[in-house]
Each structure stands twice: as structure tokens, then as C-alpha cells.
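Only one chain is included here, represented as C-alpha cells and corresponding to the form predicted on its own.
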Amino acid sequence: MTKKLKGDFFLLSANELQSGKVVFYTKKGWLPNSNKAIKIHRDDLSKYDDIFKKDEEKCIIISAKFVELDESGKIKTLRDKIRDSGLTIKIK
């Protein structure tokens, strides 16, 4: 999973199986708030790889992904910004 990553810092994101919500890995476990997520340095990715694999096996989360951060520590890609902030359109 870590082969294609280019940045130096990342967040770990996934979908919670019970609710389907987008969650981020924090010091307190998986929470829907990216502001509390652990900023992971490239050198530590394998440690977090093991964490999310165990949580996937326990059926807590699914589709874990490292989210690249820009130089200012903000989420870099539009896709991940939308996953973090929610829908960008109003549903009637």
C-alpha cells in the first residue's frame, strides 16, 4: 500500500463498517474528525499499516487509505477533502 505514496506526511482514513462514516485514526482510535487525526511521517507508515490491517480483520473499518498532506499540513487531494468535509451539494 505504501509504494505509490509521494508525500512526507499523511493521515490514515477508512470507512467505519457499523455506520459507513469516513473516519481517521487518532490517539483515541477511529474518529470522524480529521483535525484530531495523527499526522504520520513517511518513515512510520508500516507501523500504521499493521494497525489498520488488524482493525479490518476485526471488522471495525474497511478500505483504509493513507491521505497525503501538503506542506501546510492540510489534506492535499480534492477527493480526500470531500471525504473529510462531506457532501458539497444540497440533497432535497
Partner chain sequence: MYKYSNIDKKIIADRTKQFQNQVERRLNGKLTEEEFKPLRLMNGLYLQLHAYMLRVAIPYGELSSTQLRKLAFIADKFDRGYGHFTTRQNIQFNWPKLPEVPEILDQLSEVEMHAIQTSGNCIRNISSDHLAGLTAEEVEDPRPWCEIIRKWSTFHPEFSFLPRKFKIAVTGCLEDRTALLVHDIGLRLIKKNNVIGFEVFVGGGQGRTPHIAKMIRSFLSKKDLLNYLEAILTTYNQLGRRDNIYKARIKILVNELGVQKFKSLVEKNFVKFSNEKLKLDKNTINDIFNFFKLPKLKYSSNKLPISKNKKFNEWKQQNTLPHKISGYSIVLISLKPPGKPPGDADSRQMQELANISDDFSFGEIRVTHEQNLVLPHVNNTQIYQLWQQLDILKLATPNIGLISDTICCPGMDYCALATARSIPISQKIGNNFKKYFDQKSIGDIKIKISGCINACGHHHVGNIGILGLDRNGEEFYQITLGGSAKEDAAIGQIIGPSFSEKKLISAIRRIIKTYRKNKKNASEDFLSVFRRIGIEAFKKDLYDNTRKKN
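Treat the numbers as computed from the prediction; the structure is a model and nothing was measured. Residue numbers count along the first chain shown, from 1.
Not pictured, yet referred to below: the form predicted together with the partner chain.
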{"property": "Proximity of residue 22 to the partner chain in the predicted bound form, heavy atoms at 4.5 Å", "result": "yes"}
{"property": "Heavy atom of residue 62 within 4.5 Å of the partner chain in the predicted bound form", "result": "yes"}
{"property": "4.5 Å heavy atom contact, residue 4 and the partner chain in the predicted bound form", "result": "no"}
{"property": "Residue 72, heavy atom within 4.5 angstroms of the partner chain in the predicted bound form", "result": "no"}
{"property": "Stretch 57 to 84 - residues with a heavy atom within 4.5 Å of the partner chain in the predicted bound form", "result": "59, 62, 63, 78, 79, 82, 83"}
